[in-house]
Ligand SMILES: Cc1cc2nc3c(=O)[nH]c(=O)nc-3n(C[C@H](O)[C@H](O)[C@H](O)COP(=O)(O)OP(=O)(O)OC[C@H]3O[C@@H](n4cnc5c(N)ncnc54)[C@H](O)[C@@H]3O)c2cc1C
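Shown here is one chain on its own, the form predicted on its own, set out as structure tokens.
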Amino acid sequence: MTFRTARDDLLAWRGAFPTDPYEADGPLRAILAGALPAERTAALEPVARAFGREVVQVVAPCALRYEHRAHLPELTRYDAVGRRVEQVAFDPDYHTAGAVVWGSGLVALTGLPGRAFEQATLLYLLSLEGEAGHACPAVCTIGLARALRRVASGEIRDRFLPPLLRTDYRTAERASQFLTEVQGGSDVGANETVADPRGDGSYALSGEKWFCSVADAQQFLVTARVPGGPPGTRGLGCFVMPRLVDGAPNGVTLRRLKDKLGTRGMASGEVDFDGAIAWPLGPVEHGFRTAVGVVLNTSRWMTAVGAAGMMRRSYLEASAYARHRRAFGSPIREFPAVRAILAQLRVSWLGALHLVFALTALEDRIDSGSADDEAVLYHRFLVNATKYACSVDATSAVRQAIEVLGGNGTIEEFSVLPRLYRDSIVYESWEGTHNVLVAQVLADLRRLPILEVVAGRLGQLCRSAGSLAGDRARAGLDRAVDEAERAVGDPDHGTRFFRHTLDRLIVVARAAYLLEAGQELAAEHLLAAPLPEPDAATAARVDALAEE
């Protein structure tokens, strides 16, 4: 094989990426067709096709530039005549990509209750390019918009919500959520930023926030301690704060921007408040409930969707590369060790895809007000478990794809994978670390009859499969439920071992949804992990999965 032939193979690999990633994603389209009324699918499909093409044609080349270290956001504190402006300057390509994202309606759909499937589809397609500098701003804006629509007073909603729902990127306002403080981290109850009533329904906030993604946003959702409130999270109010008041910084100072491992195209920073004016989102005594129940849970759902999108891209990159890259006289997909990785990548992506859209179905019902009590309980489990599982698996999937590409997979200009790897690791920490999410699931199981709901729903899916894989999934479910019951009843055992138990539950959940979708081979392979039997049946399954 000559140099020229090898380069031609690489060009063929690069040309193999679908120009219409929505049309190319049969499992996604099948999920939507099975979940949505025909008229909703018919309305969504042309939007998804057009946006997917723009992600490939516009967002991808723009992100390649503005995610490069030489073109990252920069803090601008003063304008040319010395006035304090506290702005963030971006490469022009950042705004070109932003116009595509906001123009898709991804954020604007928040104004219509019960459009979770549409939003998840668009975010999933965007996430083929990782966070791409705009996934986080879009998700944060969706979270605040949901809070304004659901819990804010009419006056506050009418003032702050409409600018968030514009599709014109030039006039739309973006939002962020500032909860974390340097002494608190995941321990939000330790937060010290204070909110003092001003006597007119507004509050003056003073303090600092430590990790503030989308530091350039025009609206901030901020938690702060209300005077006279109880200690811990129960004493926190939840507020909406404009960046500017009468065109001047609203007591908001950007201390510095963070030099992050990933999600580098969007600006994260440290922020100080000095009498910044803000308005409560609903009753101040319900502040933490609003911050978690509406805003953080929205972000957890959409972070999981984004992780599934990155897993899809990892599979596409690795499978196409294995078809075109030659070594030792053959395409590398001919080697069983490579096929094993491709099979695992496909199963990981499919498992994540079906899990996040099961969660999306719950989000759709809750946001539209049509969810019953059982659905709300199941959502409480699934939103934390899915975010935890998908963010862990996304990092693993990207790393496996890099392994298929070899040394080429580590080169920034060669493929998107290095950027996805950095982004996926950041996603793992967003909206709660793994241990925090696992602890939340365990606490919920102890307080509420959630385990019964989980066992009932997943058990029904396993029984409906009517196959050996379904029987195996049911046996795995029974074991995981037994372990969970012990964790609920034995605090020391639960604290030490529940993460392992939750891993078992999530494997069964993914397998159950794969079986429901008719993805029998993928479910079998998932249930056989991490060490499938070294027999002919396993080899045949791997070969079949690697060929798809």
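Since the structure is predicted, the reported quantities are computational estimates derived from the model, not experimental observations. In this text, residue numbers run from 1 along the sequence as written.
Keep in mind that the form predicted together with this ligand is missing from the display, and what follows is about it.
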Which of these residues, V453, V426, L362, V252, gets a heavy atom within 4.5 Å of this ligand in the model of the complex? V426
Please identify the residue among W279, F211, F117, F90 with any heavy atom within 4.5 Å of this ligand in the model of the complex. F211
Considering non-hydrogen atoms and a 4.5 Å limit, does this ligand approach S104 in the model of the complex? no
If we define contact as a non-hydrogen atom of the residue within 4.5 angstroms of the partner, is S268 a contact of this ligand in the model of the complex? yes
Residue-level question: is T110 within 4.5 Å of this ligand in the model of the complex, judged on heavy atoms? no
Since only the chain is shown here, I'm wondering whether Q177 would be in contact with this ligand in the model of the complex (any heavy atom pair within 4.5 Å). yes
Hey, of 372-380, 179-187, 317-325, 401-409, which bit sits against this ligand in the model of the complex at 4.5 Å between non-hydrogen atoms? 179-187
Suppose contact means any heavy atom within 4.5 Å; which members of 244-276 contact this ligand in the model of the complex? K260, T263, S268
